[in-house]
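Single chain ahead, written as structure tokens, the form predicted on its own.
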């Protein structure tokens, strides 16, 4: 028990500080890189305002259009399921809300534990389904990279270890909780340097595209 407790204290203490620092510095560098790219000045007279068009595209691109749903219903449905489930567990589980409060100084009300537990279980199943689909779909299997599988594995381990720790399915408990925290810290470390960055850049890209098309008077 003493070894597992030391491991837990290590993950909750210095390792968490290191992971948070790498995450913050890495994400800031990526965002600065994106915004420093800039864009060439457009001397043409705008046909519409950029901001409304950009905000509209942010909303419309978040919801799959009928054509996309018809072409790839599995991607749309299962993707929505695991993203919503993951965010529910991340942002509305009581211990996570308290952690956010301790870091940011503010937070929001948490959801009941049974609801978060259900969302977590559904997320695990959805993530397994996405892996099976990637491995069995000939095109997806061909274009998948090591990064794709790495990102999947890290996200899956975060959710799985959290579920195991909550239900105390791994003993001793400090070891289970430490593994969950370590998985989350690995996620923080790789996030700025992998496709996971889309968590922060997706809406920026959607606004940019919508604004550019809106200035021309066409719909994105």
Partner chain sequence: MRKRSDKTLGESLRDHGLSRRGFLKLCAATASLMALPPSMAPAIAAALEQARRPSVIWLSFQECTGCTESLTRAHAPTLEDLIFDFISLDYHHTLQAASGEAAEEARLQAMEENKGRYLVIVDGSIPGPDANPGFSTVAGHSNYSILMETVEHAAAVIAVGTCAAFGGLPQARPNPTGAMSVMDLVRDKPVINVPGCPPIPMVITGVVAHYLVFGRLPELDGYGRPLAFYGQSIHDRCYRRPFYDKGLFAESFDDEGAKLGWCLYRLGCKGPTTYNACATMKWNDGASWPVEAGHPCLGCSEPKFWDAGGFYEPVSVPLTLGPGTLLGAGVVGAVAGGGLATLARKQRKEEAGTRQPVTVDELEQKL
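Numbering follows the first chain given and starts at 1. Worth saying up front: this structure is predicted, and the values here are computed from it rather than measured.
From this point on, the text means the form predicted together with the partner chain, which you will not see here.
With a 4.5 Å cutoff on heavy atoms, residue 152 does not count as touching the partner chain in the predicted bound form; it lies far away. Within 4.5 Å of any heavy atom of the partner chain in the predicted bound form lies no heavy atom of residue 157. With a 4.5 Å cutoff on heavy atoms, residue 29 counts as touching the partner chain in the predicted bound form. Put simply, residue 102 is close to the partner chain in the predicted bound form: some heavy atom of it is within 4.5 Å.
Annotation: in the predicted bound form, residues 84, 87 and 179 none come within 4.5 Å of the partner chain through any heavy atom.
Shown here without the partner chain, the chain has 13, 16, 17, 20, 21, 24, 25, 28, 29, 32 in 13-32 lying with a heavy atom within 4.5 Å of that partner in the predicted bound form.
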